[in-house]
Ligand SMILES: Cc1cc2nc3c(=O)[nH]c(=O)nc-3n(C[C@H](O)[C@H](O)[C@H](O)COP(=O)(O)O)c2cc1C
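So this first bit is one chain, no partners, the form predicted on its own, shown in structure tokens.
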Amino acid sequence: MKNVLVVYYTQSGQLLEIAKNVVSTLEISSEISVTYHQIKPVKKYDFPWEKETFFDVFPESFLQIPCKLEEPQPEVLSKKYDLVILAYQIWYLTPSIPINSFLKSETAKQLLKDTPVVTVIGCRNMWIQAQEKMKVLLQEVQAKLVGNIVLVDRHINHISVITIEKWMFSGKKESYLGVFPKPGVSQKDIDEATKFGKPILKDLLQGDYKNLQYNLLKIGAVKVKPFLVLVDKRANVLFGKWANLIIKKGKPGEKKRLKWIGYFNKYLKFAIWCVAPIVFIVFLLTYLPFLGQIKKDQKYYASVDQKL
């Protein structure tokens, strides 16, 4: 019998639906036992978000400062797992605070050490640098990243900004004004996530994952967009400056800090609506001279390799 653990943190439930579809092929096998572990922060992050709260978690999220978590159920800790499916959200270009907190815990060290891990991401569109941070976190608990699956909102950047914001602050995954598309990962992509279970099942039963990511890529597990790679890298540099500035202004919810959070919010809107289009034009003008490096980057970020 092979034991599989699904570790996840979700607010809206979308990510759990994706994870369940990914492992559905595994669950119907008589040779596999699947266990779920939901990460639960002691102080919950409510959904839908309050706007002030959403922006106020930025510094701790980006700087990967952990929060306290509830202890896992005893049955989760009672097994040695042959594979872990780690499903995570991205907050501010970084694995969410609950996921970071789990990976920095003694529980993660116990569950993930020397264990193959497949990461499953559900996000708006930028995930590259978050996954690079995830690789480091997994390395620190001596886990073995063997696969990565990324499901994103496929709509153009500025459309998805509008629709995701309305979803986050209303809790309703519906067409805004009856004109905009539904936010988040499309239901079609969520339903079709079952296809990823077949190569995972095959390699799990064989105990050999060396070709897993290659086989996942063949069925569309990851799509790397060069422009978003560039934006993600630059945004991480700027977010780092903002996060380190704001964290010094006080604790979450304090007046002085919230004032600076307000400045960051205004900067973020300016960057999305004004700076990003200019960066895109510059990217198009310089695309051909850097085509070789762009292709190398695409290949690397689609893989489970880690830069030294």
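Source: prediction; values computed, not measured. All residue numbers are counted from 1 along the displayed sequence.
FYI, the form predicted in complex with this ligand isn't displayed, but the following is about it.
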Using a 4.5 Å heavy atom cut-off, are Leu15, Ile90 and Cys123 all in contact with this ligand in the predicted bound form?
-> yes
Contact with this ligand in the predicted bound form, heavy atom within 4.5 Å, among Val57, Ala271, Ile32, Ile247 goes to Val57
Residue within 4.5 Å of this ligand in the predicted bound form by heavy atom, from Met168, Leu137, Val229, Val161, is Met168
Is Gln298 a contact residue for this ligand in the predicted bound form, using a 4.5 Å heavy atom cut-off?
-> no
4.5 Å heavy atom contact, Trp49 to this ligand in the predicted bound form = yes
4.5 Å heavy atom contact, Thr10 to this ligand in the predicted bound form | yes
Just one stretch in 104-112, 67-75, 90-98, 210-218 has heavy atoms within 4.5 Å of this ligand in the predicted bound form, so which one is it?
-> 90-98
